[in-house]
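Only one chain is shown below, in structure tokens, and it's the form predicted on its own.
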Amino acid sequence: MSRDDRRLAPIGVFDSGLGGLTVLRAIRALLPHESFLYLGDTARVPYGNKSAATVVRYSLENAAFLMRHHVKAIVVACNTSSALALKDLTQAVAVPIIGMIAPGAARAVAMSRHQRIGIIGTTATIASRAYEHAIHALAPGTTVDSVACPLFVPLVEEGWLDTPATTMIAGQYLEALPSRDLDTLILGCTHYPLLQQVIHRILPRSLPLIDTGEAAAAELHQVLASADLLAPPATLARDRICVTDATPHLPRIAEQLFAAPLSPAEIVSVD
């Protein structure tokens, strides 16, 4: 593939389900001339309660699907995959791989005034301590408090973005965080930005929430620019949305996230 062809190739984005659409939104806002191939593994969501070996296998299958469609970079829009499979993915494919952990940790450290950072994420992401290690590598003296919120992903996938049940469950999870001491909170799952309204109802509105998708979008821009792979400004961007199983709530969530409608989702197989 020539350099010009690579510049015009799409960016691949995958997530366990619909949460990665928050990352796609952030990337599209920063890189409006790029084309995208989004893969939501809705048949196997959530990843956060799976074993590490299973998450790695699913992630490699997702990346292989994207590579078959000649993407020029892959954004791992899933914190669980980023925590458990990024090394395997980097070794398996020959295009740049952007995860969520390092960009999110770096943005949190940069925004934290008193080195007291909180993290909420899936059970697997929190258990991996990937964010904690990344934060301490950048700022060794930082106090880190983390809480697993395993029901958040199924709530989002079910379309329960702001219901009394969602608020009740969120309250039970978030009360474990020392919110009076925290000065920054990482939303350590790409589904969680869809619950910001509920989270802000429980935690102080003054507490900054780190959207890891926005941080990853900035890193993607830097990586593509350094490799001279940015699409030319006059390029007509195209999106393709793929899922591994039908999901009735995708149109409503997409409508909430994007000003212009996305292309209809295609059901695909990744194996």
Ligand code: DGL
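Heads up: residue numbers just count along the shown sequence, starting at 1. Predicted model only: the values in this text are computed from it and were never measured.
Separately, the form predicted in complex with this ligand exists; it is not shown, and the next lines address it.
Colleague: Hey, in the predicted complex, does Ala85 get a heavy atom within 4.5 angstroms of this ligand?
Modeller: Heavy-atom contact with this ligand at 4.5 Å: absent for Ala85.
Colleague: Is there any non-hydrogen atom of Cys242 lying within 4.5 Å of this ligand in the predicted complex?
Modeller: Contact check for Cys242: no, nothing within 4.5 Å of this ligand in the predicted complex.
Colleague: Please check if Ala217 has a heavy atom lying within 4.5 Å of any heavy atom of this ligand in the predicted complex.
Modeller: No, Ala217 sits far enough from this ligand in the predicted complex that none of its heavy atoms falls within 4.5 Å.
Colleague: For Gly213, is any heavy atom within 4.5 Å of this ligand in the predicted complex, or not?
Modeller: Looking in the predicted complex, residue contacts with this ligand do not include Gly213, since no heavy atom lies within 4.5 Å.
Colleague: Counting only non-hydrogen atoms, choose the one of 90-98, 107-115, 75-83, 138-146 that falls within 4.5 Å of this ligand in the predicted complex.
Modeller: Correct option: 75-83.
Colleague: Within 4.5 Å of this ligand in the predicted complex, counting any non-hydrogen atom, which residues from 209-226 show up?
Modeller: The stretch 209-226, when checked against this ligand in the predicted complex, contributes no residue at the 4.5 Å heavy-atom cut-off.
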